[in-house]
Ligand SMILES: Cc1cc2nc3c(=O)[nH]c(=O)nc-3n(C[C@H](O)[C@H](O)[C@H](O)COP(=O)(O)OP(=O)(O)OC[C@H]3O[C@@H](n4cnc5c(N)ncnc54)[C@H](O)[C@@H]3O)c2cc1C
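Next up is one chain by itself, shown in structure tokens, the form predicted alone.
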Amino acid sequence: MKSWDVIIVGGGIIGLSLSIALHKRGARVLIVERGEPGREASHAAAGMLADCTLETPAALQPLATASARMYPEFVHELQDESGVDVDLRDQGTLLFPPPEHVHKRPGLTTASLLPSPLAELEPALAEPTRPAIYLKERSVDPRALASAALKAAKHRGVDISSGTAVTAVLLSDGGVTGVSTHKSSYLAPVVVNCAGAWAGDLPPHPFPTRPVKGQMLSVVGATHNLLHHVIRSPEVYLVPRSDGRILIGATVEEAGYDKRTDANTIHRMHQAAIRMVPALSAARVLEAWAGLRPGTPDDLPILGTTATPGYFVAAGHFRDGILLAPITAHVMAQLVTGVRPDHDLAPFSFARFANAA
């Protein structure tokens, strides 16, 4: 019976990126995905690579900053191996933060927050009534990114089993021997749970992950380059793509595994976007969708070892899965192959929930 060095449960951008990082270290890797690789949270994401200190939890900041810096090389490699353009944009972000966040930046005045007048940076914006901050952030098309990662993984020889959920982690003498599904069993001495919102459904450890629903829509305007920057405010965010699409999002809802969209919610976000960019009133709605972010009780990912030898977890990335893919793949590949990670993973240990209990 065929066996592997590592089995990854979950074929989203986290699992796909990790499979490539492990393959680089000489591991034979199998991904087991319950649906289609890259079609859950990765498919639904907006792709903002946001590592702003005003919005990122302090514990997560080192990983977020490191991952954002890794992105150009990460994307270059995936594009080179897959032939897929992932639309990495570096025009930056215009952030309209709540007033209390601006006050946390002592010494900043409204005039000093932007490199030039807002009307010059984004002529399509309505007359602002509050200050904006320019952030040197990038954005990426997550659907293209997941497609590129999938093709790159296959190109490298990573095996992929899709369409069947893992039902159990197989154990012998207290250690991992593989996983089982309704159809088959797969053997490996190491298993990494990258199952996102479903990570907690898999015994033997009850990871406290849960689905957090987010609804979004995309539009296309008569003007191809209507927006140049990502626009982010407490009410709505707008993410332009190079092909002329603009993504509008997103809700944060505790709705279980319900991925249905609500017409009133989509309309409300659309109207908020129009108030911010009036020209969007003439834009055509292309698509509306909902995705399930993998949330945790403290909104931080769960990264590291478990009490079961050979069983690891990299899940619960909430709203930062796309951003954190490169660094997660890097540190988890180090951990799995017995190398001390470059970053301290203690704040993200599963043990923090057991200790809290």
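Only a predicted model underlies this, so the values are computations on that prediction, with no experimental measurement involved. From 1 onward, residues are counted along the sequence shown.
Keep in mind the form predicted together with the named molecule is missing from the figure; the text below concerns it.
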property: Heavy atom contact within 4.5 Å of the named molecule in the model of the complex, the stretch among 260-268, 119-127, 214-222, 74-82; result: 214-222
property: The named molecule: the contacting residue among Leu170, Ala279, Leu286, Ala165 in the model of the complex [heavy atom, 4.5 Å]; result: Ala165
property: The named molecule contact at Gly35 in the model of the complex, heavy atom, 4.5 Å; result: yes
property: Distance check, Ser42 to the named molecule in the model of the complex, heavy atom within 4.5 Å; result: yes
property: Interface membership of Ala46, the named molecule in the model of the complex, 4.5 Å heavy atom rule; result: yes
property: Partner proximity in the model of the complex: Val9 to the named molecule, non-hydrogen atom cutoff 4.5 Å; result: yes
property: Residues of stretch 297-333 in contact with the named molecule in the model of the complex (4.5 Å, non-hydrogen atom); result: His317, Phe318, Arg319, Asp320, Gly321, Ile322, Leu323
